[in-house]
Structures are given as C-alpha cells and as structure tokens.
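Let's start with one chain on its own, the form predicted on its own, as structure tokens.
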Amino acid sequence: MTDKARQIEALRRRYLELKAAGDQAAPKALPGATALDEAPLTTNLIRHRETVPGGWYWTARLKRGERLRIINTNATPGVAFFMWNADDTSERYNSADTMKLQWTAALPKGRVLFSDMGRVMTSIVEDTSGAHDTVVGGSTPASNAAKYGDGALRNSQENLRLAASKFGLGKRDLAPAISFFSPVSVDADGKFTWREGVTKPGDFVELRAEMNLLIALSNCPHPFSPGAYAPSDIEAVIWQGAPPLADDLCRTATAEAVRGFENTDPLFA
C-alpha cells in the first residue's frame, strides 16, 4: 500500500468513527411528515400571500419569529431557496455546515438550517414531503442546455443572482442553495437518483425565521428532475405563527440545534 493509499484509508476510518459518533448523538426519531390537512394557516395572521409563476423568482424580508410557507400547488419539481441575515448580509445560508453539523443531508420537519457563522437561520416547523436536496444545487444555463437543449431557459443560478440584486447583493454573496420538493437520493453505486412519486400537489414546507432574514426563491426545475421543462406556480405565504415554547421540537431535537440557538439567541437578547 502506498503512503497516499494509507493516508486515504486513515481518513476514511476517521470519517466512519465520527459518523458513528454523530449517529449515536442524533435523535432516535423525528416526527413523521405533516399531513396535507394538518397545520392549517390562520387567515387573519397572514401578512403576505403571493403566487410565484413557474420559471420566476421571488424575494421577501422576514422578521424573526415570522413564518414562510411554500406551497407546491401542482407538484412542480424543485424550488431553490437561499437566505441572508438581514442585519448583516455577510452571514448567509451554508449548506455544508447544515449537513455537517447535523450529521445528515436529510432535512425533514424538526431540522434547522445553519448560517456560515454557526447560527440557526430557520427551523423546519412543518413539512409534508421531507424531500429536499441541499447537495446538488439549482439549475444553471449549462444544466438546462445539457438537459433540455436550451441554455436560454430560465434557471435558478441566474434567478438567484437577480434576486440578490434586489437587496444590493451580487454573485459573491451567493453560495449553494437548498432545493425544496427535490427528492434526490444516492444509490448503492454512489450515484444521485431522483425518487419519482415522492412529491404531490399541495405539498408544503414551512420555515420559522430565527433571525431577521432576506429571502430568495427560484421556481425552476431541479437539474435532476425528469421530464420536459414545465415549472408550475407555487405560493409563498408569510404569516405570524405562535412563538416557540420551551420544549419546541426544532430547538431541542438535537444537541447541534441547541448549540446553534445558543449562538443565535444572544443577537436578540
């Protein structure tokens, strides 16, 4: 065995040791997916409701404690999402830390999304599908050209740059996004696969803002989604849900989330 091979093997063993430790620390069970008729919106608490057409982008500001529900009205295959700390836009969503700190790429109800400063930006308080991808990223002109033969189709990379510009931000302020309603998994050969039939019309995911946020959405198909380019409308709803209790699921489900909130809450003390 060469020195390089021995080093790779040592790193692999160390990774497996750390992964096993993380698995032991993870919650034994998170709650199941939210039912479509569960967690109804309280109409008089809605601040804003808007339809985002297929292929387009949307921006918003959320105050700490407000909630954003994204409703996948017609089971469109993927909605790219990114966010910044509204009080300091140098702090932004970090997909790598979100996976690394929670020892998982699966982000169902009960998980949280971390910033690049170790703080919790949002909690996933409701989720009907649990099918979200924070590894692959959104579509680009190149991915549309390869998949559809047309690089001029609207895509998430350019949409998110346009969305960032609405806040005076640019290309350097963006990092890999999370794609909601994108059932990507890894097969036995280590290849990404798209699990068909997982998402359904009316699916929704609801995020609770844990700091003041700037939000960007791109309603374009995930690069791995099957079929023709045919994104459909989604709805974005901002409303004021109940404040978290002491035993709030997202705040208490994991040791990693507890530490994240210990970093976040002092900003608002």
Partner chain sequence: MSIICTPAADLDPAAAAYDFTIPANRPWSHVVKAGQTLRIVDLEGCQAVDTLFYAAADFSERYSAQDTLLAQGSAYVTTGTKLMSNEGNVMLTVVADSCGRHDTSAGACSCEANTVRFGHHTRYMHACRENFVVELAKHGLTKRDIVPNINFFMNVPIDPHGGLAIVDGISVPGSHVDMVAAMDVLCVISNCPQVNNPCNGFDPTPVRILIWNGEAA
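Here, rigid core means the biggest group of C-alpha atoms that superpose within 1.5 Å across both forms. Residue numbers count along the first chain shown, from 1. This structure is a prediction, so every number in the text was calculated from the model and none was measured.
We do not show the form predicted together with the partner chain, though everything after this point is about it.
Q. Even though the partner chain is not shown here, does N159 get within 4.5 Å of it in the predicted bound form, heavy atoms only?
A. It does not: once the partner chain is placed as it appears in the predicted bound form, N159 has no heavy atom within 4.5 Å of it.
Q: Consider P223 of the chain shown here, and say whether it contacts the partner chain in the predicted bound form, taking contact as heavy atoms within 4.5 Å.
A: Yes, P223 is a contact residue.
Q. Is R6 a contact residue for the partner chain in the predicted bound form, using a 4.5 Å heavy atom cut-off?
A. Outside the cut-off, so no.
Q. Would R92 count as touching the partner chain in the predicted bound form under a 4.5 Å heavy atom rule?
A. Residue-level check for R92: yes, a contact with the partner chain.
Q | Listed range touching the partner chain, judged in the predicted bound form by heavy atoms within 4.5 Å, from 187 to 195, 121 to 129, 69 to 77, 148 to 156 | A | That would be stretch 187 to 195.
Q: Just give me the residues of 99 to 128, first to last, that have a heavy atom within 4.5 Å of the partner chain in the predicted bound form.
A: M99, K100, L101, W103, T104, A105, A106, F114, D116, M117, G118 sit within 4.5 Å of the partner.
Q) Quick one: once the rigid core is lined up, does A246 have its C-alpha move by 2 Å or more between the shown form and the other one? A) No, the C-alpha position differs by under 2 Å between the shown form and the other one.
Q. C-alpha of Q7: shift of 2 angstroms or more between the shown form and the other one, rigid core aligned?
A. Passes the 2 Å threshold, so yes.
Q: With a shift of at least 3 angstroms, figure out whether the C-alpha spacing between A96 and L11 grows or shrinks in the predicted bound form: closer or farther?
A: Farther apart, which means the C-alphas of A96 and L11 are at least 3 Å more distant in the predicted bound form.
Q: Pin down for me whether the L11-A255 Cα distance shrinks or grows in the predicted bound form relative to this form (closer or farther, change of 3 Å or more).
A: Closer, not farther.
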